[in-house]
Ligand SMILES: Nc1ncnc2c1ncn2[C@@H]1O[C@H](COP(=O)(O)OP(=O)(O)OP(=O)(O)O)[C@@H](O)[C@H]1O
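Below sits a lone chain in structure tokens, taken as the form predicted alone.
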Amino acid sequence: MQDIFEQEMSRPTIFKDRNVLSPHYIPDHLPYRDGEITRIMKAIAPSLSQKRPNNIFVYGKTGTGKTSSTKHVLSRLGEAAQKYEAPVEQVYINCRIHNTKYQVLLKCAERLCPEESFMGHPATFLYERLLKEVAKKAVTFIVVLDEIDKTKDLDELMYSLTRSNDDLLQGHIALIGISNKIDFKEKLDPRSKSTLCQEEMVFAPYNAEQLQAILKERTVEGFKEGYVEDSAIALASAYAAQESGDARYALKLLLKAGEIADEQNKRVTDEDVKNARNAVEEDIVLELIQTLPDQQSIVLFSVATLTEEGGKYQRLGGGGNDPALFSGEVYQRYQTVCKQWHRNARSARWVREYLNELEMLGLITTELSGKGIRGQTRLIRLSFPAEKVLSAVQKRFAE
């Protein structure tokens, strides 16, 4: 039997470089983000002349180029610091992974002192060592906190890092916070908000025309010439524009459609994009559920179990075959699941907040009830098949 690896390496492919189709790829030029990149560069440029830059807060929906633009600026800053021999250091931290004050301080200390091991030391030691190293090197240390809203003790972390400059005789610490949640800063402690949000910028979603231009650039780099139909690019762009202008979604669609076409060594067509859409949406949902906080996952699980069983709204005849749920029954099921899973149940107010978060992520939809129901309540609908949501949540808690 022919070796599978040899077979894979020898078969023809329509791809030139799959990597450029990844949402994580940072191109040399980011279309339609020149203005935002210029603003970030101007904000941190004072660091090159040993002046303290302002803290920056960048927000916008997923796939609007926030992270790519920031990383692009950091790369340019590193080149400039080397050229002008400026004492500038930087660290990029994904707060979905490093989501506590301790973990952030640990990453900062390891970046400034890569030859040392700090594991096991308390947060106070890490903080003091961080300040000592910044002052010793008289360096401007730029800390980028991506998905900053995922940090559990964020106010405490912000207060420590932003107030640290008051204790530094030499050097500076500056922050760049990135969040997908437009209203995130409103939840910050007033002291944290005033120090973090010195300079703010919003990344607007891409429209269909912009997404199409982005995909065309990546197609030239990622596929062999003539293997992607223009109509397929236009369709993928249109689908992504419907999904809040998400460029990551557009790239995932194009890559998946390319993989489907590549199996048959043919051109990427509209039909491949249509087939890719279902697979990509399912992948995105499963990936999203895997990263939800525990309490949101339990609320989503409660919605999914009730959807499978059929809620009171259906049993009362208010929705026919419409799988809508009353908010009250969701809260009751949530309390039951918390007890079964040995978790502390939060108040109804907190569950309403979790439902808002899930709706913003597109996992559920909600609306106020109409006529025929006593009073006015919130009707909740699951946006994806209940069995898939249940499987994803159960897998998340099994890990």
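Bear in mind that the values here come from a model prediction, so they are computed numbers and not experimental data. Each residue number is its position in the shown sequence, starting from 1.
This protein has a second form, the form predicted together with the named molecule, left out of what is shown; the following refers to that one.
Proximity to the named molecule in the predicted bound form, taken as heavy atoms within 4.5 Å, picks out 214-222 from the listed stretches 290-298, 214-222, 160-168, 132-140. Think of it this way: in the predicted bound form, the named molecule has a heavy atom of just one of Arg343, Arg346, Lys61, Arg352 within 4.5 Å, and the residue is Lys61. Here the marked residues Ile284, Gly362 and Phe384 all miss the named molecule in the predicted bound form; none has a heavy atom within 4.5 angstroms. By the criterion of a heavy atom within 4.5 Å, Val268 is excluded from the residues contacting the named molecule in the predicted bound form. Of the heavy atoms in Phe15, none are within 4.5 Å of the named molecule in the predicted bound form. A residue is said to contact a partner when one of its heavy atoms sits within 4.5 Å of a partner heavy atom; Lys66 meets this definition for the named molecule in the predicted bound form.
The shortest heavy atom separation between Arg33 and the named molecule in the predicted bound form is within 4.5 Å. Residues of 235-249 that come within 4.5 Å of the named molecule in the predicted bound form, judged by any heavy atom, are Ala247, Arg248 in sequence order.
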